[in-house]
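This document starts with one chain, in the form predicted alone, laid out as structure tokens.
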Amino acid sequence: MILKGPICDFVSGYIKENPVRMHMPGHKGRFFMGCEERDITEVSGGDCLYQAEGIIAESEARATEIFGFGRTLYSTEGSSHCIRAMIALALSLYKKRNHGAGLQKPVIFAARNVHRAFLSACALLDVQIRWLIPEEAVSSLCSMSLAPESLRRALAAEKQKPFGVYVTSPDYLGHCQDIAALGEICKAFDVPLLVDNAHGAYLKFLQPSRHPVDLGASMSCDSAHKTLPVLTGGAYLQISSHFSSLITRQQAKNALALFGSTSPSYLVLQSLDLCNAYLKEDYPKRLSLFCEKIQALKNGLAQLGYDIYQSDPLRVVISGKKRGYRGEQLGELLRKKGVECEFCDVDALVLMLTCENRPEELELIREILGGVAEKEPLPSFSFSFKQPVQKISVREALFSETERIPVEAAVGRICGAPVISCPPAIPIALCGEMITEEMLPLFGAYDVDVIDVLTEN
């Protein structure tokens, strides 16, 4: 395969020159995996990710042109890295506008189904979280809808203006928030909308685009490796044209550098670089045709009696409860037939597909699930969230001394570390919150037996 792109071309030229490698990495271009010769560091001419002026800057400029936003920047440490940088940038702008924000601790509004990286960012940056709790009962920890009017009421009622509103869309079960409506409300209150779009980098290339930045988000994090042919860890920080006019390119790079390694993977950078050419060719057409095939699979599974969640086009989310199966059981049945799913839990089975899946692989899913014997239907599960009781800040709790105890003994204690189901790393209880009786069924549903709580004096 001929690699085309400024980063890939540079590495190919470096390999051809075959210099004696008196630099990192220690494998010196030799040994175990076969990819070592392309794994370099910031050698002369190789540019630097966080002060990019050469081949990385050129590649990011091509990505910016392809996506059509104000700025597209690379991460080799996943969208978790971009989440932290995104929050830091919004906070920095808020403090600049408010002359340091006075003595009040900055506040960010967030829908509850956040990734753990959001929590670590809030702890490290020492900001308060105001949770936007769903008004209706939900059936999964992974998926929660934020009604636009709920956001409007929350913003109107808040005495201290938040420095951002943060939502996940698509979430782990493929639910997409009404980003256009949420964006309009945020615009009216002059608050940036920040979107964890880790599962939706490809949404830009649907016709029309369904990417959050096109729909009104100020910034988003996109995991390129989740839905595009990019090595694990490849991600984009997407910045809208408006927001990019408020911060410089180097300010954005500095925010990424704040949380990122000084040794970014050049294998991942080459993968992002090569993806630009992939996206510029016939990807939108291939994507459209493949989404039709996925929809046909969804329709076929629905005819077999499975409940198919409404989700983004590249994801198939299946509940087998009508046929008597938990998500984990369906996942195990597929695994025995040589198919590994993305995620399964008590409720759902999640299949993440891309254009690199073959049509016969979709047919295999239909055949396997079609051959599953029906059993007695299982009851549905739902729960309601209440606004949690935050006893101390996320930061204070995360850096406090903790002890691990059984969940049943934790009622009334303060959570010391996020209790998560991983994947998808979405917390049940959060640092600094009081554990309540209402949380116990949820812990049980997600097989959480022990929890870290603050040590009592």
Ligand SMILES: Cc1ncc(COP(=O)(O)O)c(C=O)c1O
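Given the structure is predicted, the values throughout are model-derived calculations rather than measurements. Heads up: residue numbers just count along the shown sequence, starting at 1.
The next section is about a form of this same protein that is not shown, the form predicted together with the named molecule.
For the options Asp312, Asp345, Asp214, Glu77, the one in contact with the named molecule in the predicted complex, meaning a heavy atom within 4.5 Å, is Glu77. Comment: the named molecule is not present in this chain, but in the predicted complex one of Ser271, Thr227, Thr168, Ser140 has a heavy atom within 4.5 Å of it, namely Thr168. With a 4.5 Å cutoff on heavy atoms, His199 counts as touching the named molecule in the predicted complex.
In the predicted complex, none of the heavy atoms of Thr72 sits within 4.5 Å of a heavy atom of the named molecule. Using a 4.5 angstroms threshold between heavy atoms, Phe243 stays clear of the named molecule in the predicted complex. The shortest heavy atom separation between Gln177 and the named molecule in the predicted complex exceeds 4.5 Å. Screening 152-160, 288-296, 333-341, 218-226 for residues having heavy atoms within 4.5 Å of the named molecule in the predicted complex returns a single hit, 218-226.
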